[in-house]
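A lone chain, given as structure tokens: the form predicted alone.
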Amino acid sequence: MPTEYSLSEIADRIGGEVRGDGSIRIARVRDLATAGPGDLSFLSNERYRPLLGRTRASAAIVGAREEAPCATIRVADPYLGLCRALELFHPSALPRAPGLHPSAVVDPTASVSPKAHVGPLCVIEARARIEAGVVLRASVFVGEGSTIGEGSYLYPGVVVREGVRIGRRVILHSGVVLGGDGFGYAREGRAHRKIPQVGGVGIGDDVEIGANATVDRGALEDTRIGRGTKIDNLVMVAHNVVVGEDCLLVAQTGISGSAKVGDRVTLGGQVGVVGHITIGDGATAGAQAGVTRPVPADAVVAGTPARAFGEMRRVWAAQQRLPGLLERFAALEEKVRALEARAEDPGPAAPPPSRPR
């Protein structure tokens, strides 16, 4: 595979239109601030527009009507264009040679495809199934009866507990735990009695889950993550939660038990969702939102407790005025007290009028 491409070749690969010299040779992709000759850069965020005017890059990926001092590749979505260009210059290094490392421990009843890669110190328990093209890096644990679908890639230290079903082309980063016990207890006198968590976990095709994220097993039924959903680092999905397709769950988000999240939902960083509510298809919750009640489809909510974004903006604006309003309120209180004091104490009585003699 070549280490360089002409600008025209790149445009053809990413579906763009060249403006300028299409024969320019491009060796790598860099940001606007650090790019130099032979580099391809991009503009996808308006705040970086000033950098485009002074970049030293040989070319840039830009929007359909964007002008630049260098050659450009015009595309409908520059960020998607960047993604495709990076895939061109940095083809996936994920595949590993098939085979079973001598230090791996595989139960005789497990089914491991000869086209799978099982790395050092992996453990695969009874009746687990590892399909073709799966890569298990070092120290991956696969529990009893679990299934990992074709082409999935598990980084070192992933734990897949018993009864977990993972679809095809799933990526699990280090520290992911699928199928840990849900947090369920019944009160027994002064103690908490553990409720057995006998459900499983179902992960759809093309899901990616970031480092140290957890998806708990269901109490009775499976916890489910829909096809194409992407989960960031340090996300917590509790038991019996159902997450739809093509969702984005951003870092440190927590979803409480039995909540239902529709398709194409975005939950920003540190969003908290209470249990037993539904978030409709296409909804968005801004960072640090506390979602305490159902959210309609396509709604945008923010704040704690979460409310419609427009309403929350008015709340935030009012909060900025609170210090001044409190000062004015205190001054008004002083004036009221002074008026009340004057009304209660009218002063010395006037002398009676003199009588004529």
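Not measured: the values here are computed from a predicted model. Throughout, rigid core stands for the largest set of C-alpha atoms superposing within 1.5 Å between the two forms. Heads up: residue numbers just count along the shown sequence, starting at 1.
This next part talks about the form predicted in complex with a further copy of the same chain, which is not shown.
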item: Leu43, Cys70, Val29, Val300 - the one with a heavy atom within 4.5 Å of a further copy of the same chain in the model of the complex; value: Val29
item: Contact at Leu100, Pro114 and Gly204 by a further copy of the same chain in the model of the complex, all three, heavy atom at most 4.5 Å; value: no
item: 4.5 Å heavy atom contact, Arg56 and a further copy of the same chain in the model of the complex; value: no
item: Contact test in the model of the complex: Gly290 vs a further copy of the same chain, heavy atoms, 4.5 Å; value: yes
item: a further copy of the same chain contact at Pro296 in the model of the complex, heavy atom, 4.5 Å; value: no
item: Proximity of Pro108 to a further copy of the same chain in the model of the complex, heavy atoms at 4.5 Å; value: no
item: In the model of the complex: members of 198-235 within 4.5 Å of a further copy of the same chain, any heavy atom; value: Val198, Glu208, Ala211, Asn212, Ala213, Thr214, Asp216, Leu220, Glu221, Gly228, Lys230, Ile231, Asp232, Asn233, Leu234, Val235
item: Core-aligned CA displacement of Arg328 at least 2 Å between this form and the one not shown; value: yes
